[in-house]
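Only one chain is shown below, in structure tokens, and it's the form predicted on its own.
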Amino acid sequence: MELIFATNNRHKLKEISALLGDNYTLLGLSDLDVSEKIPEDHETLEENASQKAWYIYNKFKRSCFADDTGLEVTALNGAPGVYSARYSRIGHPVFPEMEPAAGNIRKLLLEMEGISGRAAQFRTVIALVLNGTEYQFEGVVKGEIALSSSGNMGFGYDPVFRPEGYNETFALMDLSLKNRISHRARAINKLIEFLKGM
């Protein structure tokens, strides 16, 4: 089965292709020569995922899905949340001279300085548009924010997120382990179970 994943993020494509397995051919936006920025200007993960999926479905009339993911830190009232990807560009301090992911981590660690309660969760929402009907799937993994960054696997906030029940951050984990327990894996597994039942 062929599916379009509305992303240009090669890391996400690699992760999700591994999860989907051989029964699915996963196409990213670069495979379709889509270079324009897809709008995601809503205030919730659910709305952003839906907006992206419908944008691509309406453009190509082919079944597709999109995701939106946020890191939600309890001590920061759920921030950075829907603004996770651009956290370092919002408010103060900002780190315009840093690569976005590094700036986001730097800002998060500064915001968490002196805070002992470091509970957090990653949450992914997937919106699937299949033959003109939308379905949504959510995956959550609870954990905590580490005191410092460690590891170079993964992407985004992986170097500072330690999942519940593990001593290492996502960025220190083998991809196969992360794929079994991550928020994105849990949402994708719900998507796969749904597709199998079609």
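Not measured: the values here are computed from a predicted model. Quick note: we count residues from 1 along the sequence shown, nothing fancier.
Below, we turn to the form predicted together with inosine 5'-triphosphate (ITT), even though it does not appear here.
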(message) Taking inosine 5'-triphosphate (ITT) in the predicted complex, would 9, 40 and 68 all count as contacting it (heavy atom within 4.5 Å)?
(response) yes
(message) Given that inosine 5'-triphosphate (ITT) is not shown alongside this chain, does residue 156 nevertheless sit within 4.5 Å of it in the predicted complex, heavy atom to heavy atom?
(response) yes
(message) Against inosine 5'-triphosphate (ITT) in the predicted complex, would residue 85 count as a contact residue? Criterion: heavy atoms within 4.5 Å.
(response) yes
(request) Go through 55-63, 32-40, 143-151, 130-138 and give me the stretch that gets within 4.5 Å of inosine 5'-triphosphate (ITT) in the predicted complex, heavy atoms only. (result) 32-40
(message) Residue by residue through 165-187, which ones have a non-hydrogen atom no more than 4.5 angstroms from inosine 5'-triphosphate (ITT) in the predicted complex?
(response) 178, 183, 184
